[in-house]
Structures are given as structure tokens and as C-alpha cells.
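A single chain comes next, written as C-alpha cells; it is the form predicted on its own.
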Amino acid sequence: MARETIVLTRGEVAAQIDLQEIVPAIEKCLAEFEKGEDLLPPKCIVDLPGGIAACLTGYTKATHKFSMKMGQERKGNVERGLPTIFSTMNLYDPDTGELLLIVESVLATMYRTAAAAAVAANHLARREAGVLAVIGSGQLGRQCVRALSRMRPFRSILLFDIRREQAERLAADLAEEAPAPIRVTDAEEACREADVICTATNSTEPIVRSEWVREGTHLSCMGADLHAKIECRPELLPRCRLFADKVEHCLQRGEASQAVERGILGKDCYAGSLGQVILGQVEGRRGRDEITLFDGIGLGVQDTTVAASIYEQALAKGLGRRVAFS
């Protein structure tokens, strides 16, 4: 008899799944991916009349699991009173084909993205970095505050969003959980004071200006996963030592893709991948005054890793509904 499928809602993930267990799993995933034993089929993006649909898949040897995520974005849903993104992820046993998990994956994706941002900051930021700035206070910004603030002993956390009231609400929500005080400010002040900047927006207009970023800063840029999206002004990028989750993908649709297209950067602009830094194959930060930037567009193998972690946590804690499909 086939194993039952665990079904988890976003609320159950938020209440019961430990983000801190996902961070080391994503670190291992990024490193193992560089060994060439995982499978990462091309991302499928479909333009539909009302928006876009995207499908990401991946197999990782470390988890010995296969996942498939389908997400749909509809910007017009704001007027309908609906979320702009709907997404689910399935996790499979690659030997038997059994469907192990169905999970609402908007939040799961935020978890794996925030975990990657935290891993990058841990490997690339200066050891003495004391001020964290998070640009964007949506669901991704929330998880980035949670993940990054526990990677280093930050003295303070600065938060910016174009909707200041939303940033204020997030600061209040996380006040007791965060290990450092959170202060809402404007983008310029946040960037000028920060040792680590994490961008977590859906912006198609650059926010972070070059003149705001001090020497020695690290940036984890997590919002630009399509060519049209951009969070940093292109003139900042030549000042930075750039790293990708996967170089080929980032050249096409990452934070630096528009700068490459415009000839501001060459196609050799990335020093390497974060996984190569973790493995010691590529040197990361080379000095205290260097600006480092991690361009994280997200990979299907990261989805597989977060789904596997959620599945293991659900099994251990008895979470979710059990459904027998066969």
C-alpha cells in the first residue's frame, strides 16, 4: 500500500515549521549542487492572459527526493481582494513515485529564499557586521529578518518599505522574536548605516543607490527572479564582488541581468556561485573594504530541500492531514 500523503496549509507551516532547521539544509543544498549529482530541469514560465505561471522541479541526492512546484501570479487580484500569488509544491519519492507531501508553497518559498540570504550573509559579510537592513516588509522581508538576524549577533535591525505602515506592523510583530531592536526608517538611512543589506521586494525600479552603500557592505539580493525585476541601481554592481546561486540563470534574470544586457557588466561578472564559496572552490570576501553581493534567484533544488525539511518536520510532529490517494 502506498504511503499516505501529508497535506499542509500555509498556516500550519507558519505555526509549526522551524525556519532555523531549514537554513543549514539550504547551505548543504547549495554546496552539494556544485558536485553535479542533482537534477535541475529548466524552469518553465508560461505567459497567460491574466498573468504568469511558473513550474520549478528538482531532485537532490542529499535528500533523495524530487519536487515539483507550480506558482501563479495575478497582479489584478489586488482589486479582487485575493492574494497575487497562489502556489503549491509536491514532494515525491523518486524510487517509487509516491506523493509524500502537498504544501502551500508561497511561505515555503519565502523560507528557502530567506535561508539562502542568511547563508550568503554568513559566508560573505564581515565578521564584525553589526547592523542589518532589510528592504521590503512583505512576507519575504519578514522571513529574511527572522533568518538573517539569527545568523550573526547584530546590534540593530533597520527596516524599510514604501508602505511605511506595513513596515511598522512587521517591526511590531517581530519585536519580541527578533534578537536585536528593529527600527523603521527610509531606504537611504537603512542602506547607509547597514553592514548587511538584504533586498526582499518585487520591484521593477531600482531602490538601492550606489552612493548609499559603504565599502565593506554585504548585500543579499533576493527579489529579482525575473529579468524585469531590479532592486539595485546598475552603477552599484561594478563596485561589488558578485556571487550567484547559479551563474547561468542569474545572467538571464538575476539582479545583474539588466546591467549585463546594457553592457555595464560583462558576462564574466560573477566571481562564482555561493556553493563554490561554501566548498572553498572560490574565494569569497577578499578584504574588509570589499562590497560583496549575492544574487539569489532561487533554484528547484532549493525547493526540494525545503520541502524535504518540511516533510521530515511534519512526520516528527504529526502535522497536517493524511490523505490516501491509492
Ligand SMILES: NC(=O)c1ccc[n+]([C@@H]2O[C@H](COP(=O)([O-])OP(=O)(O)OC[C@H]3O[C@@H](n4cnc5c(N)ncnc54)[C@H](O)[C@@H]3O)[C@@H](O)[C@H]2O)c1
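The numbering used is simple: start at 1 and walk along the sequence shown. Everything numeric here is computed off the predicted structure, so don't read it as measured data.
FYI, the form predicted together with the named molecule isn't displayed, but the following is about it.
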Q) Considering the named molecule in the predicted bound form, which of R152, R146, K246, K229 comes within 4.5 Å of it through any heavy atom? A) K229
Q: Could you spot which one of V103, A256, M222, A118 gets a heavy atom to within 4.5 Å of the named molecule in the predicted bound form?
A: M222
Q: Choose one stretch from 89-97, 123-131, 203-211, 188-196: the one whose residues place a heavy atom within 4.5 angstroms of the named molecule in the predicted bound form.
A: 203-211
**Q.** Contact at L140, R163 and Q166 by the named molecule in the predicted bound form, all three, heavy atom at most 4.5 Å
**A.** yes
Q | Distance check, L159 to the named molecule in the predicted bound form, heavy atom within 4.5 Å | A | no
**Q.** the named molecule contact in the predicted bound form: T113, any heavy atom under 4.5 Å
**A.** yes
Q. Is there a heavy atom of I278 no more than 4.5 Å from a heavy atom of the named molecule in the predicted bound form?
A. no
Q.
Although the partner isn't part of this model, could you tell me whether A31 comes within 4.5 Å of the named molecule in the predicted bound form, counting any heavy atom of the residue?
A. no
